[in-house]
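Take a look at this single chain in structure tokens; it is the form predicted on its own.
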Amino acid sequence: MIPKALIEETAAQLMATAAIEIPADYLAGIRAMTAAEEGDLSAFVLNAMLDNWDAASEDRRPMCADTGLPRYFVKAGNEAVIEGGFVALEEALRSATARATREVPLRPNRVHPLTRRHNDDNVGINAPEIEVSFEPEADWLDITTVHKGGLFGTDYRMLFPGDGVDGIKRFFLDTLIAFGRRGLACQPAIVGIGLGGSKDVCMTLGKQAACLRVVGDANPDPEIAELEAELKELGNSIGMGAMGFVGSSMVVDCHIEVGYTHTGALPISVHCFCLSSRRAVARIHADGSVETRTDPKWFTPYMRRDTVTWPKSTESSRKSG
């Protein structure tokens, strides 16, 4: 059984890690961009980012004053047993958020949308967001914390099937140009794209693609992976670089996730993770041991299945029969 107290302690530590330490994959991507960037102001911003991250790591303080909206993505093994169940899990994560807000500290960004009242701890109605998915044949609990900015950097459009790949490219470029010109995103960023699903699922897929895949990771579907590479190249060829200045460093990487959609629709969402790419992950095993990493490994084959039943479960049933 996984203790509730261990979940809270692990989540609080993840909050501090995500706020302060840059994931190695993203840092490597930025260093590569810095070496190739020819725009003076864009290159200056990239180097300033690297200096800022070094200072944050040394001082053990958040790398950005705006620590965004802390949230969690939880992947639970089908055989995992949690002390107190999933209600206790949510309580532990909410408690860890309040604790991290005081101790790291994180900026208390969460307010009521009308009254602007706040609890000074990033906890409130539907806050923090906690998304849960499941994994077969496992007894562990993966907790990923992401500090995603809650202002801009996201757009959505309902395209038609006839718009096709050209329509996807056009909306992608229009969105990045608008973000760069109007200062609506902190580039360079990992750009996530959601294709298909219903409107809400499309938005969810895009955010997960931006926040839960590492730089250099390609979609296992060759056709989607080819489009990811092409969009990354397009995004870095529009003449904009870091923070919208002239340059070629707009997109650190481009990730696409898809969902089956209505026959008459082609919904698309575009999400820019911020330049800090704040995420941290831990796996809590049934024996109480904890492993930390930076790759959420969220999009497993089970997550991307398109069949009624999970083939491996079917195979297991046949063997046991």
Partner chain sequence: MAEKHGKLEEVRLTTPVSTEAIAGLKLGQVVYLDGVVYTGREGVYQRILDEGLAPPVDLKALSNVNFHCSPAASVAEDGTCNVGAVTATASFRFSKWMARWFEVSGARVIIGKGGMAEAYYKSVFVPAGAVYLVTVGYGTGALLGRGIKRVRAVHWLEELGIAQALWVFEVENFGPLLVESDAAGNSLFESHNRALAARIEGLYEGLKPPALHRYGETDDRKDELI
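Residue numbers count along the first chain shown, from 1. Just so you know, these numbers come straight off a predicted model, no measurement behind them.
Just so you know, the form predicted in complex with the partner chain exists too; it's not on screen, but the next bit is about it.
The contact residue chosen from 239, 216, 85, 136 relative to the partner chain in the model of the complex is 239, the criterion being a non-hydrogen atom within 4.5 angstroms.
For the options 56, 258, 290, 69, the one in contact with the partner chain in the model of the complex, meaning a heavy atom within 4.5 Å, is 56. When the partner chain is considered in the model of the complex, residue 181 lines it closely, a heavy atom lying within 4.5 Å. Of the heavy atoms in residue 252, none are within 4.5 Å of the partner chain in the model of the complex. For the chain shown alone, residue 286 is not a contact residue for the partner chain in the model of the complex, no non-hydrogen atom being within 4.5 angstroms. Shown alone here, residue 48 lies within 4.5 Å of the partner chain in the model of the complex, counting heavy atoms only. Stretch-level contact analysis of 146-154, 203-211, 75-83, 123-131 against the partner chain in the model of the complex, using heavy atoms and a 4.5 Å limit, identifies 146-154. Residues 151, 152, 155, 156, 157, 159, 160, 162, 163, 166, 169, 170, 171 of 147-171 are found to place at least one heavy atom within 4.5 Å of the partner chain in the model of the complex. Put simply, residue 182 and residue 51 come closer in the model of the complex: their C-alpha atoms are 3 Å or more nearer than in the form shown. The pair residue 156 and residue 182 separates in the model of the complex: their C-alpha atoms are at least 3 Å more distant from each other than in the form depicted.
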